[in-house]
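Below, in structure tokens: the form predicted alone, a single chain.
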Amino acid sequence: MDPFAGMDDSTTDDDNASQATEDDPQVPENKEPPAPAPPQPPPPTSSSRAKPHYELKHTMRGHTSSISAVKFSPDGTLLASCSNDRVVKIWSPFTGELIRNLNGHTKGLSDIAWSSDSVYLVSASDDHTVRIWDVDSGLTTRVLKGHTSYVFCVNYNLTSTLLVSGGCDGDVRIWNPQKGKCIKTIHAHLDYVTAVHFNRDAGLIVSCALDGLIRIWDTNSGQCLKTLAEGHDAICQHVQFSPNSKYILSTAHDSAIRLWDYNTSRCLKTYTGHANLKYCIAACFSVTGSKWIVSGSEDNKVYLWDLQSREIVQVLEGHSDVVVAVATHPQQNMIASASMESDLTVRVWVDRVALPQ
């Protein structure tokens, strides 16, 4: 039976759900109130909510095969991208300059993640390994081996004392990054694991796979605590906890992004209007000013939704192929996006309201 039968947006946005998502999510480091903080007054708008006005600032070229992920460093000073060309590139998001290449993987890359101190970067590769890099030196500090197939996704916990990875073998592995040792293997899914993410205290891991399931795991025991099903026409391909860990954001192959209250297994919000039927496209939260959901799209654009109202508030155009990767800056109103084979660019967009006049 389709778990979404009879569900529509009018039934998901009740008063309690609206209040919950209006107040949240918040970035752990960001103690500002939900409204944009001075000296950034909202732009003139006919609606009661300020709308974003992102503009293209930099277009970075250098990758020679499809780009799979972009991530800002937690301190906001660097931007990393990875690609099927086996290279991680480190850029300045402020100038668009290439700072260095991280070389060592023998096959293409699917994902990257930063340590909380912005010193290390971890990468997941089709060569069945996870590598930990010292970004300043460009050298590999650890090579984590254990997956028996392509490693598709990887993430640190908030304190960078643990790593989690997911692979095309269906396994989720938890690692001690200091020792380079796998401390737990969870036989999590019956198909490719496409995303893994810790909650804030690292007590929980969320994973999703092409078997159509989202699963919540107890990090210590490896026990499955909850399973959410997207439905046969909504195969989940990316999932993450909200910054406050109260919700889960998922993307699926029915061109819909969903915000879940995983405690009640209830979908609170659905964001639509983009195109996503084939590729694993990640969405993310933007909470540096007003609260947006940001995603790439198979129509070569980047979409921004109002987290609360689900309204599309801006569409960013410029890429010439599918936008598979987006990231939001931890402190500034800045978005990075990256595209596939016939484009091969990383683009940085800045909200013009935040720019000096």
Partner chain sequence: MDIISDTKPKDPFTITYPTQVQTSLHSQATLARFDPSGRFVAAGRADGSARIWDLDTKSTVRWLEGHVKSVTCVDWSRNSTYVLTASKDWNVVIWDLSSETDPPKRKNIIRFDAPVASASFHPRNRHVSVSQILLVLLTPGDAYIVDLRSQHRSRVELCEVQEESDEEYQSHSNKHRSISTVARFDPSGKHVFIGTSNGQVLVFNTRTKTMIARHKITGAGSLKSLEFAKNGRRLVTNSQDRTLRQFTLPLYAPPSVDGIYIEQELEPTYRFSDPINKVAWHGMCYSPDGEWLAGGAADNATHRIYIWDVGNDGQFVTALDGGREPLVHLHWHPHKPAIASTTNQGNVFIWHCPTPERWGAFAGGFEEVDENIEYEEREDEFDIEDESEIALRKQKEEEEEVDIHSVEVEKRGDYWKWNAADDEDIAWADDEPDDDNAGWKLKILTEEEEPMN
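Positions refer to the first chain, counted from 1. As the structure is a computational prediction, the values presented were derived from the model and not from experiment.
We do not show the form predicted together with its partner chain, though everything after this point is about it.
- Message: Is T106 part of the interface with its partner chain in the predicted complex - any heavy atom within 4.5 Å?
- Response: Residue-level check for T106: no, no contact with its partner chain.
- Any of the heavy atoms of A209 lying within 4.5 Å of its partner chain in the predicted complex? Contact with its partner chain, no.
- Task: Although its partner chain is absent from this view, report whether T140 comes within 4.5 Å of it in the predicted complex, heavy atoms only.
- Result: Yes - in the predicted complex, heavy atoms of T140 and its partner chain come within 4.5 Å of each other.
- Query: Is T161 a contact residue for its partner chain in the predicted complex, using a 4.5 Å heavy atom cut-off?
  - Reply: Because a heavy atom of T161 falls inside 4.5 Å of its partner chain in the predicted complex, the answer is yes.
- Query: in the predicted complex, which of 214-222, 146-154, 122-130, 274-282 comes within 4.5 Å of its partner chain (heavy atoms)?
  - Reply: Among the listed stretches, the partner-contacting one is 214-222.
- Pick from Y262, Y192, W91, W114: which residue has any heavy atom within 4.5 angstroms of its partner chain in the predicted complex? It is Y262.
- Message: So its partner chain isn't shown here. In the predicted complex, which residue out of H253, R86, K246, H238 has a non-hydrogen atom within 4.5 Å of it?
- Response: Selected option: K246.
- Would Q178, I183 and V287 all count as contacting its partner chain in the predicted complex, using a 4.5 Å heavy atom cut-off? Yes: Q178, I183 and V287 each sit within 4.5 Å of its partner chain in the predicted complex.
- Task: Taking its partner chain as it sits in the predicted complex, which residues of 281-308 have a non-hydrogen atom within 4.5 Å of it? Please list them.
- Result: Stretch hits, in order: F285, V287, K291, L307, Q308.
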